[in-house]
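Below you'll find only one chain, the form predicted alone, shown as C-alpha coordinates.
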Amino acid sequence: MIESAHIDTFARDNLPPAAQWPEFIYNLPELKYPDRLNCVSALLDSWLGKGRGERPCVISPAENWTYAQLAERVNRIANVLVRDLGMVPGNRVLLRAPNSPVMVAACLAVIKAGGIIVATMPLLRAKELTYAIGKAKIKFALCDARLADEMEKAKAQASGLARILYWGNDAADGLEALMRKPGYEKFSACDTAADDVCLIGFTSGTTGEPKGTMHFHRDILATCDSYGRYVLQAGENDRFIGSAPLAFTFGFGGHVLFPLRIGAATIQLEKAPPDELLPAIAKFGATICFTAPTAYRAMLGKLLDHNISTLRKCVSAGEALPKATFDAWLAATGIKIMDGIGSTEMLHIFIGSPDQKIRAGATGMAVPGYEAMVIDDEGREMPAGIPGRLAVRGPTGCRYLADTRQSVYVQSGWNVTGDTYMMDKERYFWYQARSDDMIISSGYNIAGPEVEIALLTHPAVAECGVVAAPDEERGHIVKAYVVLRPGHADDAATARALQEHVKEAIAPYKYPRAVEFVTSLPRTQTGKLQRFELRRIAAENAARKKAS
(Lines give C-alpha, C1' and ligand atoms only; values in the text may rest on other atoms or scores of the structure.)
Protein backbone atom coordinates (compact mmCIF):
# COMPACT_ATOMS: atom_id res chain seq x y z
CA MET A 1 0.00 0.00 0.00
CA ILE A 2 1.09 3.57 -0.66
CA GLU A 3 2.20 5.72 2.28
CA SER A 4 -0.94 7.15 3.82
CA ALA A 5 -1.56 10.79 4.61
CA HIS A 6 -3.87 9.80 7.46
CA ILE A 7 -2.76 10.83 10.92
CA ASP A 8 -5.82 9.10 12.34
CA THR A 9 -5.20 5.55 11.10
CA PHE A 10 -8.51 4.01 12.26
CA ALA A 11 -9.84 3.35 8.76
CA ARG A 12 -6.71 1.71 7.44
CA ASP A 13 -6.30 -0.26 10.67
CA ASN A 14 -9.83 -1.65 10.26
CA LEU A 15 -9.69 -2.65 6.63
CA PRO A 16 -10.20 -6.40 6.21
CA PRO A 17 -7.04 -8.48 5.82
CA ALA A 18 -5.64 -8.14 2.31
CA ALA A 19 -6.21 -11.85 1.72
CA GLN A 20 -9.95 -11.24 2.09
CA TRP A 21 -10.07 -8.41 -0.45
CA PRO A 22 -11.55 -9.04 -3.87
CA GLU A 23 -9.16 -9.07 -6.81
CA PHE A 24 -9.02 -5.55 -8.25
CA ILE A 25 -8.49 -5.05 -11.96
CA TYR A 26 -7.53 -1.84 -13.75
CA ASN A 27 -7.82 -2.83 -17.40
CA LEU A 28 -8.67 0.57 -18.87
CA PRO A 29 -6.14 3.36 -19.45
CA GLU A 30 -8.40 5.79 -17.57
CA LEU A 31 -8.03 3.69 -14.42
CA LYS A 32 -4.26 4.18 -14.10
CA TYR A 33 -4.17 6.77 -11.31
CA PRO A 34 -1.10 8.33 -9.68
CA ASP A 35 -0.03 7.12 -6.24
CA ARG A 36 -0.82 10.51 -4.68
CA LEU A 37 -4.40 11.55 -5.38
CA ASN A 38 -7.08 13.70 -3.80
CA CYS A 39 -10.22 13.02 -5.79
CA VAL A 40 -11.71 16.47 -5.07
CA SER A 41 -8.81 18.09 -6.90
CA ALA A 42 -9.79 16.08 -9.97
CA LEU A 43 -13.54 16.59 -9.58
CA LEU A 44 -13.56 20.29 -8.77
CA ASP A 45 -10.27 22.19 -8.63
CA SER A 46 -9.14 20.95 -12.04
CA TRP A 47 -11.98 22.85 -13.74
CA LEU A 48 -10.81 26.13 -12.25
CA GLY A 49 -7.32 25.41 -13.53
CA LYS A 50 -8.80 24.96 -17.01
CA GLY A 51 -10.57 28.31 -16.87
CA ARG A 52 -14.01 26.73 -16.44
CA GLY A 53 -14.83 28.26 -13.06
CA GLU A 54 -17.83 30.25 -14.30
CA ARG A 55 -19.71 27.27 -15.68
CA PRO A 56 -22.91 26.31 -13.83
CA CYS A 57 -22.27 23.58 -11.28
CA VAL A 58 -24.92 23.28 -8.54
CA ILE A 59 -28.52 24.27 -9.22
CA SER A 60 -31.30 24.31 -6.64
CA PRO A 61 -34.65 26.02 -5.99
CA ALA A 62 -32.92 28.35 -3.52
CA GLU A 63 -29.60 29.21 -5.21
CA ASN A 64 -27.26 28.40 -8.07
CA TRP A 65 -23.46 28.05 -7.85
CA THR A 66 -20.76 28.08 -10.48
CA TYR A 67 -17.74 25.79 -10.20
CA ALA A 68 -15.76 28.69 -8.73
CA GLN A 69 -18.45 29.41 -6.14
CA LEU A 70 -18.66 25.76 -5.11
CA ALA A 71 -14.86 25.59 -4.87
CA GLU A 72 -14.76 28.61 -2.56
CA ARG A 73 -17.41 27.15 -0.27
CA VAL A 74 -15.59 23.83 -0.20
CA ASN A 75 -12.40 25.62 0.80
CA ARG A 76 -14.15 27.59 3.54
CA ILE A 77 -15.73 24.47 5.04
CA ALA A 78 -12.40 22.63 4.84
CA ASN A 79 -10.74 25.47 6.76
CA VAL A 80 -13.48 25.34 9.40
CA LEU A 81 -12.95 21.60 9.79
CA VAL A 82 -9.19 21.93 10.21
CA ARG A 83 -8.78 25.28 12.00
CA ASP A 84 -11.90 25.45 14.15
CA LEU A 85 -12.76 21.81 14.80
CA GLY A 86 -9.24 20.40 14.76
CA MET A 87 -9.96 17.68 12.23
CA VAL A 88 -6.88 15.76 11.08
CA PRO A 89 -6.54 13.56 8.00
CA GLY A 90 -8.25 10.24 8.57
CA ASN A 91 -10.93 11.56 10.94
CA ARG A 92 -14.44 10.44 10.09
CA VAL A 93 -17.08 13.17 9.74
CA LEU A 94 -20.78 12.36 9.85
CA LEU A 95 -22.93 14.36 7.43
CA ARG A 96 -26.66 14.72 7.98
CA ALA A 97 -28.88 16.74 5.66
CA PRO A 98 -31.29 16.48 2.77
CA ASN A 99 -29.83 16.92 -0.70
CA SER A 100 -28.73 20.52 -1.07
CA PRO A 101 -25.84 22.66 -2.34
CA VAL A 102 -24.41 22.87 1.19
CA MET A 103 -24.51 19.09 1.54
CA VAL A 104 -22.55 18.75 -1.70
CA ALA A 105 -19.98 21.30 -0.51
CA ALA A 106 -19.66 19.62 2.89
CA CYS A 107 -19.01 16.20 1.37
CA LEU A 108 -16.30 17.55 -0.89
CA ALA A 109 -14.75 19.67 1.86
CA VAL A 110 -14.28 16.71 4.21
CA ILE A 111 -12.57 14.69 1.49
CA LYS A 112 -10.42 17.60 0.32
CA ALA A 113 -9.18 18.09 3.88
CA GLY A 114 -8.19 14.41 4.08
CA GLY A 115 -11.19 13.30 6.10
CA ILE A 116 -13.62 10.46 5.53
CA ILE A 117 -17.29 11.18 4.91
CA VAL A 118 -20.01 9.12 6.55
CA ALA A 119 -23.19 10.49 5.02
CA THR A 120 -26.50 9.49 6.62
CA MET A 121 -30.11 9.51 5.46
CA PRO A 122 -32.14 12.48 6.75
CA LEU A 123 -34.88 10.23 8.13
CA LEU A 124 -32.58 8.12 10.32
CA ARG A 125 -33.35 8.19 14.04
CA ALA A 126 -30.98 8.57 16.95
CA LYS A 127 -30.56 4.83 17.42
CA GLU A 128 -29.45 4.39 13.81
CA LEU A 129 -27.15 7.39 13.96
CA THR A 130 -25.62 6.11 17.18
CA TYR A 131 -24.82 2.82 15.48
CA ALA A 132 -22.92 4.57 12.67
CA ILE A 133 -21.13 6.88 15.11
CA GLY A 134 -19.99 3.92 17.19
CA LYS A 135 -19.07 1.65 14.32
CA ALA A 136 -17.00 4.26 12.49
CA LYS A 137 -15.70 5.97 15.66
CA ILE A 138 -16.90 9.34 14.44
CA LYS A 139 -15.56 12.44 16.17
CA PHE A 140 -17.22 15.28 14.22
CA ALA A 141 -20.55 15.91 12.52
CA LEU A 142 -21.90 18.53 10.12
CA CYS A 143 -25.67 18.75 10.20
CA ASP A 144 -28.57 20.75 8.82
CA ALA A 145 -30.05 22.60 11.81
CA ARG A 146 -33.54 21.34 10.94
CA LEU A 147 -32.38 17.84 11.82
CA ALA A 148 -30.85 18.78 15.16
CA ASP A 149 -33.30 16.90 17.42
CA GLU A 150 -32.26 13.36 16.48
CA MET A 151 -28.65 14.48 16.09
CA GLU A 152 -28.55 15.76 19.67
CA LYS A 153 -30.19 12.58 20.93
CA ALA A 154 -27.54 10.57 19.14
CA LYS A 155 -24.77 12.68 20.64
CA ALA A 156 -26.16 12.00 24.11
CA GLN A 157 -26.25 8.26 23.44
CA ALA A 158 -22.98 7.89 21.55
CA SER A 159 -19.47 8.07 22.92
CA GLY A 160 -16.69 9.86 21.10
CA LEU A 161 -18.69 12.42 19.14
CA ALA A 162 -16.88 15.60 20.18
CA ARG A 163 -18.54 18.32 18.12
CA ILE A 164 -21.61 18.90 15.96
CA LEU A 165 -21.54 21.91 13.69
CA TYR A 166 -24.91 23.04 12.35
CA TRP A 167 -25.78 25.13 9.33
CA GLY A 168 -28.96 26.99 8.47
CA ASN A 169 -29.66 28.50 11.90
CA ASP A 170 -27.69 31.81 11.72
CA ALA A 171 -25.95 30.92 15.00
CA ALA A 172 -22.83 32.86 15.97
CA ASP A 173 -20.96 29.57 16.24
CA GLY A 174 -22.69 27.94 13.26
CA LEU A 175 -21.03 26.74 10.09
CA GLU A 176 -21.89 29.82 8.03
CA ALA A 177 -20.46 32.21 10.63
CA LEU A 178 -17.19 30.30 10.81
CA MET A 179 -16.97 30.07 7.01
CA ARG A 180 -16.95 33.87 6.76
CA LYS A 181 -13.60 34.21 8.51
CA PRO A 182 -10.94 36.09 6.50
CA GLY A 183 -8.47 33.90 4.66
CA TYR A 184 -10.74 30.86 4.58
CA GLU A 185 -11.41 31.18 0.85
CA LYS A 186 -8.28 29.18 -0.05
CA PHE A 187 -7.33 25.66 0.98
CA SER A 188 -4.71 23.30 -0.39
CA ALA A 189 -5.98 19.78 -0.86
CA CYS A 190 -4.54 17.21 1.53
CA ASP A 191 -1.81 15.15 -0.14
CA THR A 192 -3.68 11.88 0.24
CA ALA A 193 -2.70 8.54 -1.20
CA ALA A 194 -4.82 7.07 -3.98
CA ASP A 195 -5.68 4.23 -1.60
CA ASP A 196 -6.53 6.37 1.43
CA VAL A 197 -10.13 5.83 2.51
CA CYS A 198 -12.33 8.86 1.82
CA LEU A 199 -15.86 7.43 2.14
CA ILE A 200 -17.59 4.95 4.42
CA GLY A 201 -21.01 4.08 3.07
CA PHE A 202 -23.37 2.10 5.25
CA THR A 203 -25.56 -0.47 3.53
CA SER A 204 -29.29 0.07 3.71
CA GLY A 205 -29.86 -2.84 6.05
CA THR A 206 -32.19 -4.91 3.87
CA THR A 207 -30.70 -8.12 5.28
CA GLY A 208 -29.69 -7.20 8.81
CA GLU A 209 -27.29 -4.90 10.65
CA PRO A 210 -25.86 -2.26 8.27
CA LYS A 211 -22.29 -2.82 7.11
CA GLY A 212 -19.77 -0.03 6.61
CA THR A 213 -18.18 -0.16 3.17
CA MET A 214 -14.86 1.64 2.72
CA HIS A 215 -13.87 3.33 -0.53
CA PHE A 216 -10.61 4.97 -1.60
CA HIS A 217 -9.93 8.20 -3.48
CA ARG A 218 -9.19 6.19 -6.62
CA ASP A 219 -12.50 4.35 -6.29
CA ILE A 220 -14.38 7.65 -6.50
CA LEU A 221 -12.80 8.40 -9.87
CA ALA A 222 -12.96 4.81 -11.07
CA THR A 223 -16.75 4.65 -11.07
CA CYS A 224 -16.80 7.88 -13.10
CA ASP A 225 -14.20 6.61 -15.55
CA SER A 226 -15.89 3.24 -16.09
CA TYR A 227 -19.68 3.48 -15.84
CA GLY A 228 -19.79 7.25 -16.26
CA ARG A 229 -17.51 7.35 -19.28
CA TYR A 230 -18.44 4.17 -21.15
CA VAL A 231 -22.09 3.56 -20.27
CA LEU A 232 -23.70 6.83 -19.24
CA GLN A 233 -21.74 8.82 -21.85
CA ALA A 234 -22.91 12.22 -20.59
CA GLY A 235 -21.47 15.58 -21.67
CA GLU A 236 -20.49 18.89 -20.12
CA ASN A 237 -23.82 20.51 -21.02
CA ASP A 238 -25.90 17.90 -19.24
CA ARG A 239 -27.89 18.66 -16.12
CA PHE A 240 -28.28 15.76 -13.69
CA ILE A 241 -31.33 15.29 -11.46
CA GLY A 242 -32.67 12.48 -9.31
CA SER A 243 -34.39 11.33 -6.16
CA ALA A 244 -31.79 9.29 -4.29
CA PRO A 245 -30.26 10.85 -1.15
CA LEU A 246 -26.58 11.78 -1.35
CA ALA A 247 -26.04 9.40 1.58
CA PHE A 248 -26.90 6.58 -0.84
CA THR A 249 -23.93 5.86 -3.09
CA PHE A 250 -26.31 5.64 -6.06
CA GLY A 251 -27.28 9.24 -5.34
CA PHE A 252 -23.75 10.46 -4.57
CA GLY A 253 -22.52 9.05 -7.86
CA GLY A 254 -25.46 10.15 -9.97
CA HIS A 255 -25.92 13.60 -8.43
CA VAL A 256 -22.32 14.62 -7.64
CA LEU A 257 -19.50 12.44 -8.97
CA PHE A 258 -20.64 11.88 -12.55
CA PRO A 259 -21.55 15.50 -13.31
CA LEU A 260 -18.45 16.99 -11.64
CA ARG A 261 -16.11 14.55 -13.38
CA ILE A 262 -17.16 15.95 -16.78
CA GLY A 263 -17.78 19.59 -15.83
CA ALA A 264 -21.58 19.30 -16.01
CA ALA A 265 -24.23 20.59 -13.60
CA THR A 266 -26.18 18.91 -10.82
CA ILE A 267 -29.70 19.83 -9.71
CA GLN A 268 -30.19 19.38 -5.97
CA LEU A 269 -33.72 18.81 -4.65
CA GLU A 270 -34.33 18.26 -0.94
CA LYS A 271 -37.22 15.95 -1.75
CA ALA A 272 -37.95 14.44 -5.13
CA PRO A 273 -41.03 12.22 -5.12
CA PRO A 274 -42.63 11.81 -8.57
CA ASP A 275 -44.97 14.77 -8.00
CA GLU A 276 -41.96 17.05 -7.42
CA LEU A 277 -39.43 15.41 -9.71
CA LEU A 278 -41.44 15.93 -12.90
CA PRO A 279 -41.98 19.70 -12.51
CA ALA A 280 -38.33 20.09 -11.46
CA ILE A 281 -37.17 18.38 -14.66
CA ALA A 282 -39.21 20.92 -16.62
CA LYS A 283 -38.22 23.95 -14.52
CA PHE A 284 -34.47 23.37 -14.47
CA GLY A 285 -34.06 21.75 -17.88
CA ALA A 286 -32.75 18.44 -16.56
CA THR A 287 -31.29 16.12 -19.18
CA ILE A 288 -30.31 13.04 -17.13
CA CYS A 289 -32.45 11.49 -14.40
CA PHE A 290 -31.42 8.95 -11.75
CA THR A 291 -34.26 7.32 -9.82
CA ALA A 292 -35.83 3.96 -8.95
CA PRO A 293 -38.22 1.80 -11.01
CA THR A 294 -41.14 2.61 -8.72
CA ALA A 295 -40.68 6.32 -9.42
CA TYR A 296 -40.66 5.86 -13.20
CA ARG A 297 -43.82 3.80 -12.90
CA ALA A 298 -45.48 6.42 -10.71
CA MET A 299 -44.55 9.24 -13.12
CA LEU A 300 -46.12 7.53 -16.13
CA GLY A 301 -49.63 8.72 -15.36
CA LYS A 302 -48.48 12.32 -14.83
CA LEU A 303 -46.35 12.91 -17.91
CA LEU A 304 -49.02 14.78 -19.86
CA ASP A 305 -49.05 17.51 -17.21
CA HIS A 306 -45.33 18.32 -17.54
CA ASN A 307 -42.91 19.28 -20.30
CA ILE A 308 -39.90 17.01 -19.92
CA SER A 309 -38.63 17.47 -23.46
CA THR A 310 -35.11 18.31 -22.21
CA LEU A 311 -34.74 14.83 -20.72
CA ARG A 312 -32.56 12.52 -22.81
CA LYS A 313 -31.29 9.79 -20.49
CA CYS A 314 -32.97 7.94 -17.62
CA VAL A 315 -31.05 5.65 -15.25
CA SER A 316 -32.70 3.10 -12.99
CA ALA A 317 -31.14 1.14 -10.13
CA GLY A 318 -31.85 0.11 -6.56
CA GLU A 319 -34.07 -2.79 -7.56
CA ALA A 320 -34.91 -4.69 -10.74
CA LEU A 321 -36.58 -2.71 -13.52
CA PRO A 322 -39.75 -4.52 -14.68
CA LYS A 323 -39.98 -4.87 -18.46
CA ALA A 324 -43.53 -3.51 -18.27
CA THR A 325 -42.20 -0.26 -16.81
CA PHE A 326 -39.42 -0.10 -19.42
CA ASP A 327 -41.90 -0.60 -22.26
CA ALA A 328 -44.42 1.90 -20.92
CA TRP A 329 -41.78 4.60 -20.36
CA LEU A 330 -40.34 4.07 -23.84
CA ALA A 331 -43.78 4.32 -25.40
CA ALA A 332 -44.60 7.50 -23.48
CA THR A 333 -41.28 9.35 -23.78
CA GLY A 334 -39.22 7.70 -26.50
CA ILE A 335 -36.45 7.14 -23.92
CA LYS A 336 -35.02 3.73 -23.10
CA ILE A 337 -34.48 3.49 -19.34
CA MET A 338 -30.89 2.49 -18.62
CA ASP A 339 -31.22 -0.31 -16.11
CA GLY A 340 -28.26 -1.18 -13.92
CA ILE A 341 -27.20 -3.06 -10.85
CA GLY A 342 -24.78 -1.62 -8.34
CA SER A 343 -24.21 -1.94 -4.63
CA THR A 344 -22.83 0.04 -1.74
CA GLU A 345 -20.00 -2.49 -1.61
CA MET A 346 -19.05 -1.78 -5.24
CA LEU A 347 -19.80 1.97 -4.90
CA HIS A 348 -21.97 2.23 -8.01
CA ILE A 349 -23.28 0.43 -11.10
CA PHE A 350 -21.17 -2.42 -12.49
CA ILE A 351 -23.66 -4.02 -14.91
CA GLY A 352 -25.56 -1.81 -17.35
CA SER A 353 -25.61 -1.07 -21.06
CA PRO A 354 -25.28 2.20 -22.98
CA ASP A 355 -28.26 3.42 -25.00
CA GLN A 356 -27.32 1.66 -28.21
CA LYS A 357 -26.91 -1.73 -26.52
CA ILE A 358 -29.92 -1.79 -24.21
CA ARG A 359 -31.96 -4.98 -24.34
CA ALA A 360 -35.44 -4.70 -22.81
CA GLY A 361 -35.79 -6.86 -19.70
CA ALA A 362 -32.05 -7.41 -19.26
CA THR A 363 -30.03 -5.54 -16.65
CA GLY A 364 -27.28 -5.21 -19.22
CA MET A 365 -23.69 -6.25 -19.80
CA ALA A 366 -20.68 -5.90 -17.52
CA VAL A 367 -19.56 -2.26 -17.46
CA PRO A 368 -16.18 -1.75 -19.20
CA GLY A 369 -13.54 -2.13 -16.51
CA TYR A 370 -15.54 -4.89 -14.78
CA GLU A 371 -15.86 -8.64 -15.26
CA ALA A 372 -18.97 -10.59 -14.27
CA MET A 373 -20.11 -14.18 -14.32
CA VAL A 374 -22.76 -16.48 -12.91
CA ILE A 375 -21.51 -19.13 -10.49
CA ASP A 376 -22.86 -22.16 -8.63
CA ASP A 377 -22.66 -22.73 -4.88
CA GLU A 378 -19.06 -23.98 -5.23
CA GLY A 379 -17.96 -20.91 -7.19
CA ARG A 380 -17.80 -22.60 -10.59
CA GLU A 381 -18.92 -20.59 -13.60
CA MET A 382 -22.34 -21.61 -14.90
CA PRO A 383 -23.04 -22.03 -18.61
CA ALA A 384 -25.22 -19.54 -20.44
CA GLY A 385 -28.92 -19.87 -19.72
CA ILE A 386 -28.54 -21.40 -16.26
CA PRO A 387 -29.38 -19.25 -13.20
CA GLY A 388 -26.82 -18.89 -10.45
CA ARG A 389 -25.13 -16.41 -8.15
CA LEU A 390 -23.79 -13.18 -9.60
CA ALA A 391 -20.05 -12.60 -9.14
CA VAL A 392 -18.19 -9.46 -10.22
CA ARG A 393 -14.78 -7.83 -9.96
CA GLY A 394 -13.28 -4.62 -11.25
CA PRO A 395 -11.64 -1.37 -10.11
CA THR A 396 -13.95 -1.10 -7.09
CA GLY A 397 -14.96 -3.76 -4.59
CA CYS A 398 -16.00 -4.74 -1.09
CA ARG A 399 -13.91 -3.77 1.91
CA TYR A 400 -16.10 -3.92 5.01
CA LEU A 401 -15.25 -1.93 8.10
CA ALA A 402 -14.28 -4.47 10.79
CA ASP A 403 -16.95 -6.98 9.77
CA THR A 404 -16.78 -10.77 9.64
CA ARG A 405 -19.28 -10.74 6.76
CA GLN A 406 -16.39 -9.79 4.44
CA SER A 407 -15.82 -13.49 3.72
CA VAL A 408 -19.49 -13.89 2.74
CA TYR A 409 -19.44 -11.11 0.15
CA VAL A 410 -15.95 -11.79 -1.20
CA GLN A 411 -15.22 -15.35 -2.31
CA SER A 412 -12.14 -16.48 -4.25
CA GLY A 413 -11.36 -12.92 -5.26
CA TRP A 414 -14.87 -12.16 -6.57
CA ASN A 415 -17.59 -9.96 -5.10
CA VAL A 416 -20.64 -12.22 -4.73
CA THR A 417 -23.56 -9.84 -4.55
CA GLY A 418 -26.38 -12.01 -3.24
CA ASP A 419 -28.34 -11.77 -6.50
CA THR A 420 -29.49 -14.65 -8.68
CA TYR A 421 -28.86 -13.96 -12.38
CA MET A 422 -28.87 -15.75 -15.71
CA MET A 423 -26.36 -14.81 -18.41
CA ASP A 424 -27.24 -15.43 -22.04
CA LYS A 425 -24.87 -16.39 -24.85
CA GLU A 426 -24.25 -12.72 -25.71
CA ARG A 427 -23.26 -12.03 -22.08
CA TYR A 428 -26.33 -10.01 -21.18
CA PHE A 429 -27.32 -10.50 -17.56
CA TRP A 430 -30.95 -11.21 -16.70
CA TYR A 431 -32.11 -10.67 -13.13
CA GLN A 432 -33.92 -13.57 -11.47
CA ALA A 433 -34.11 -12.64 -7.79
CA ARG A 434 -32.13 -11.79 -4.74
CA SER A 435 -30.61 -15.11 -3.75
CA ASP A 436 -32.71 -15.05 -0.58
CA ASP A 437 -35.84 -14.14 -2.58
CA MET A 438 -36.10 -17.53 -4.27
CA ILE A 439 -39.27 -19.34 -3.19
CA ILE A 440 -39.22 -23.13 -3.01
CA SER A 441 -42.80 -24.44 -3.18
CA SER A 442 -43.56 -28.15 -3.63
CA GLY A 443 -40.09 -28.60 -5.07
CA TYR A 444 -40.39 -25.76 -7.59
CA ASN A 445 -37.93 -22.85 -7.52
CA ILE A 446 -39.87 -19.63 -8.06
CA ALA A 447 -38.30 -16.16 -8.25
CA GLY A 448 -40.45 -13.71 -6.31
CA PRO A 449 -39.47 -10.72 -8.51
CA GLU A 450 -40.62 -12.61 -11.61
CA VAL A 451 -44.09 -12.90 -10.10
CA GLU A 452 -43.95 -9.21 -9.17
CA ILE A 453 -43.16 -8.29 -12.77
CA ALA A 454 -46.18 -10.29 -13.95
CA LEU A 455 -48.45 -8.63 -11.39
CA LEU A 456 -47.25 -5.15 -12.35
CA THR A 457 -48.56 -5.62 -15.87
CA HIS A 458 -52.13 -5.72 -14.49
CA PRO A 459 -53.80 -2.28 -14.58
CA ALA A 460 -55.08 -2.64 -11.01
CA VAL A 461 -51.62 -3.01 -9.45
CA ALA A 462 -49.67 0.05 -8.30
CA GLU A 463 -47.00 -1.78 -6.29
CA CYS A 464 -46.43 -5.31 -5.07
CA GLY A 465 -44.05 -7.51 -3.14
CA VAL A 466 -43.91 -11.29 -3.47
CA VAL A 467 -42.38 -13.59 -0.86
CA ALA A 468 -42.55 -17.12 0.51
CA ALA A 469 -45.22 -17.80 3.14
CA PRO A 470 -45.06 -20.96 5.29
CA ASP A 471 -47.54 -23.67 4.29
CA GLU A 472 -48.00 -27.10 5.88
CA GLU A 473 -48.78 -28.87 2.63
CA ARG A 474 -46.31 -27.26 0.23
CA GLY A 475 -43.60 -26.09 2.63
CA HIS A 476 -44.04 -22.57 1.30
CA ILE A 477 -46.43 -20.87 -1.05
CA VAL A 478 -46.11 -17.76 -3.16
CA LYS A 479 -47.76 -14.83 -1.40
CA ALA A 480 -48.31 -11.40 -2.94
CA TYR A 481 -48.73 -8.16 -1.01
CA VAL A 482 -50.45 -5.74 -3.37
CA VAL A 483 -51.08 -1.99 -3.34
CA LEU A 484 -53.99 -1.28 -5.67
CA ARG A 485 -54.51 1.72 -7.90
CA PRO A 486 -57.48 3.96 -7.04
CA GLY A 487 -60.82 2.64 -8.25
CA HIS A 488 -60.10 -1.05 -7.71
CA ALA A 489 -61.75 -3.05 -4.94
CA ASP A 490 -59.61 -5.00 -2.50
CA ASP A 491 -61.87 -8.05 -2.57
CA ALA A 492 -61.76 -11.71 -3.47
CA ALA A 493 -62.78 -11.04 -7.05
CA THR A 494 -59.79 -8.76 -7.60
CA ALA A 495 -57.50 -11.31 -5.96
CA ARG A 496 -58.75 -14.03 -8.31
CA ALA A 497 -58.34 -11.75 -11.29
CA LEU A 498 -54.71 -11.09 -10.34
CA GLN A 499 -54.04 -14.79 -9.88
CA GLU A 500 -55.47 -15.61 -13.29
CA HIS A 501 -53.47 -12.77 -14.82
CA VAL A 502 -50.22 -14.21 -13.47
CA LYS A 503 -51.13 -17.70 -14.72
CA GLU A 504 -51.50 -16.29 -18.20
CA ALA A 505 -48.29 -14.24 -18.04
CA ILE A 506 -45.86 -16.86 -16.65
CA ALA A 507 -45.86 -20.56 -15.78
CA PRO A 508 -49.10 -21.28 -13.89
CA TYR A 509 -47.34 -22.96 -10.97
CA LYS A 510 -45.75 -19.60 -10.12
CA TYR A 511 -49.01 -17.79 -9.42
CA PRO A 512 -49.55 -16.30 -5.93
CA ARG A 513 -51.74 -18.71 -3.98
CA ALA A 514 -52.31 -15.98 -1.41
CA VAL A 515 -52.98 -12.31 -2.18
CA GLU A 516 -53.15 -9.69 0.55
CA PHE A 517 -54.07 -6.08 -0.19
CA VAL A 518 -52.12 -3.42 1.72
CA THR A 519 -51.94 0.37 1.63
CA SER A 520 -48.12 0.48 1.46
CA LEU A 521 -45.05 -1.72 1.30
CA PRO A 522 -42.08 -1.63 3.67
CA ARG A 523 -39.11 0.08 2.06
CA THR A 524 -35.68 1.27 3.12
CA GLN A 525 -34.70 4.94 3.16
CA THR A 526 -33.32 4.38 -0.35
CA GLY A 527 -36.61 3.02 -1.66
CA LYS A 528 -35.66 -0.66 -1.78
CA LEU A 529 -38.45 -3.11 -1.06
CA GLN A 530 -37.81 -4.89 2.24
CA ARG A 531 -38.87 -8.40 1.30
CA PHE A 532 -37.37 -9.73 4.52
CA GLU A 533 -39.99 -7.67 6.38
CA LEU A 534 -42.76 -9.13 4.22
CA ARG A 535 -41.37 -12.61 4.92
CA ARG A 536 -41.48 -11.86 8.63
CA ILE A 537 -45.08 -10.70 8.41
CA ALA A 538 -46.05 -13.76 6.37
CA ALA A 539 -44.38 -16.09 8.87
CA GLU A 540 -46.09 -14.43 11.85
CA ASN A 541 -49.49 -14.60 10.16
CA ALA A 542 -48.98 -18.28 9.33
CA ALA A 543 -47.97 -19.01 12.94
CA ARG A 544 -51.06 -17.24 14.31
CA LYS A 545 -53.30 -19.10 11.88
CA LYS A 546 -51.78 -22.44 12.91
CA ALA A 547 -52.12 -21.63 16.62
CA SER A 548 -55.80 -20.76 16.22
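Note that residue numbering follows the sequence shown and begins at 1. As the structure is a prediction and not an experimental result, all values here were calculated from the model.
We do not show the form predicted in complex with a small molecule, though everything after this point is about it.
Engineer: Given that the small molecule is not shown alongside this chain, does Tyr166 nevertheless sit within 4.5 Å of it in the predicted complex, heavy atom to heavy atom?
Structural biologist: Flag for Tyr166 set to no.
Engineer: Looking at the partner-bound form in the predicted complex, is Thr417 within 4.5 Å of the small molecule by any heavy atom?
Structural biologist: Within the cut-off, so yes.
Engineer: State yes or no: in the predicted complex, is some non-hydrogen atom of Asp339 no more than 4.5 angstroms from a non-hydrogen atom of the small molecule?
Structural biologist: Looking in the predicted complex, residue contacts with the small molecule include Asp339, since a heavy atom lies within 4.5 Å.
Engineer: If we define contact as a non-hydrogen atom of the residue within 4.5 angstroms of the partner, is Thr344 a contact of the small molecule in the predicted complex?
Structural biologist: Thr344: yes, in contact with the small molecule in the predicted complex.
Engineer: Pick from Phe216, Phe326, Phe240, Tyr431: which has a non-hydrogen atom within 4.5 Å of the small molecule in the predicted complex?
Structural biologist: None of the other options qualify; the answer is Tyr431.
Engineer: Would you mind picking the one in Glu319, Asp403, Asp84, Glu270 that has a heavy atom within 4.5 Å of the small molecule in the predicted complex?
Structural biologist: Filtering the options by heavy-atom distance leaves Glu319.
Engineer: Taking a heavy atom within 4.5 Å as contact, would all three of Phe248, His348 and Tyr421 count as contacting the small molecule in the predicted complex?
Structural biologist: Spot residues vs the small molecule: full contact, yes.
Engineer: Heavy atoms within 4.5 Å of the small molecule in the predicted complex: which stretch in 183-191, 279-287, 431-439, 465-473 meets that?
Structural biologist: Comparing against the small molecule in the predicted complex, the contact stretch is 431-439.
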